[in-house]
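The data below hold one chain only, encoded as C-alpha cells and taken in the form predicted on its own.
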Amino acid sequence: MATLFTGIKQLLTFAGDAAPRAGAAMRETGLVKNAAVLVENGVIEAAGPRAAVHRHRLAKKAKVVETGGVCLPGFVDSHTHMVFAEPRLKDFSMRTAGATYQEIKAAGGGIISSIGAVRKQPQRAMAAQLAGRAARFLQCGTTTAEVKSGYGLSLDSELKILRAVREAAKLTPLEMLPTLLAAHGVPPEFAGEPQKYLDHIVSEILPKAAAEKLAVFADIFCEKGYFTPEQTAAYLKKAREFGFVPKVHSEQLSNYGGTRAGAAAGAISADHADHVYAEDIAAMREAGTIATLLPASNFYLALAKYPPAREIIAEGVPVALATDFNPGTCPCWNMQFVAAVACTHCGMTPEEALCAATVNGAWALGIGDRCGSVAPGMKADLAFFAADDYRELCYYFGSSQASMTVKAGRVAWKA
C-alpha cells in the first residue's frame, strides 16, 4: 500500500541534476510550501505541492500520514567512526586540562588507546553496540551513514569490525556503508615502521576484506606522524585495484599534501580539509573529489581554525558535511548540530549546510543517484522536523528537532 505524507509546511526536495551540487547550486533547495510526498514500495512516487500530489492515482487509496513541520531528505552522514568499544574519557580529561592532540597521542591516548578494548570485544557485542548507536542517528534524522573500521589495526580485528557492521545492519533500519580504515594509524606491533604496516595491509587485510566484500571504501589518515602523501597515493591506488573506492583523511592538523595525494588517486572525498590551500582546492575540483567538512570536531577540540568552506565553495568544489562521530575527537551523532556549526563557524548558509548534509553527503558515498533528494524514483528516505521554517534546523542547536524519520518508506523512528 502507498503512503501519503501530507500537510508538510515546507518541503526541501533538493531535486536537480544527478551530480554533486557546487557553487550557487548548493543554495537551490527546491523549496515547496504546503507539500506532500507519496511513497510506494520504499520509493518516492510523487513529491511537490499538496494539491498536485493528492491527484496522483495512488493517492486515493494510500495510507495518509499528516505530518506538519519541515521535511527534507534524510541526512546522509558520510564520515563516522561509529565502531568503538569504549569512550576515551581519559583523553577528554587531558584535553580539558590543556593537552594537545599530539601530547595526548604521546601519552598513549588517541587512536592507539582504542585498540585494546576493540580487539578484546566479541563481534556479537560489537554489532549490538553499533545497532544501539545507530538508533541515536535515526532519532536525529539521519537515514544513511558511512561506518569506518580503524580501531583494531590488525587483520583479525579490522575484519571483525567490518563483519560487525554487516551484522548490525540486520538489527537497525539505518543504512550503513562500510569503510576499511586499517590505515588509521600504526599499531604497536609495527611501531616506527609505517611502510611495513602498509605493506601488511596490502598483502593481508585488503585481499581478505575484498574477498568477503566487507567494505565499499578504503581510507587512510595522511598526517605528520601517521602516513605521508607518497604513502597515501600509493596505498589508495592499491586499494582501487582490490575494488575499493578511495577516501582520504587529509589536511586536518596541518597542510601536508594528503588532499592532493587523494585526488591524484581518485578519492571520492577528501575529509576534514581544515588546512587546504588554493592548490589543494584546485586538485579536488579537477579530480571531481568532494570536500567533506567535519566542523563539529573543530568545535569539540576548541580549535581556532575551521575549514575554509567559503573558499572551497567559491572555487566550485562540492562540499559535504558529516559528523565525524568518534570516541576521541567528536562524540556527536546529531547532523543538525553539524549544520549549525557550519553556519556559525564556517560561513555556510543554511541552504548550503542542508545541501551538504543531504544530497552532497550522498554523492560523497557514491549513492546520490538514489539518496539525498526528494524526487520520483529516489529512495523514500525522509526526515521530518518540528519547525515552521527550514532555517530553524541551523538556528537552534543543542538538541534534536526531528519528529519522525522514514527509511525506505517505513517509519524508522517517531517522537
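Sequential numbering from 1, following the sequence displayed. Note that the coordinates shown come from a computational prediction; the quantities given were computed from them, not determined experimentally.
The same protein also has a form predicted in complex with ligand NIG, omitted here; what follows describes it.
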query	finding
4.5 Å heavy atom contact, Glu146 to ligand NIG in the predicted complex	no
Heavy atom of Phe221 within 4.5 Å of ligand NIG in the predicted complex	yes
Tyr101: touches ligand NIG in the predicted complex, heavy atom cutoff 4.5 angstroms	yes
4.5 angstroms heavy atom contact with ligand NIG in the predicted complex for Thr179	no
Ala273, Ile111, Met82, Leu138 - the one with a heavy atom within 4.5 Å of ligand NIG in the predicted complex	Ile111
Per-stretch contact check against ligand NIG in the predicted complex, the hit in 200-208, 162-170, 127-135, 328-336 (non-hydrogen atom, 4.5 angstroms)	328-336
Residues of 238-256 having any heavy atom within 4.5 Å of ligand NIG in the predicted complex, listed in sequence order	His249, Gln252
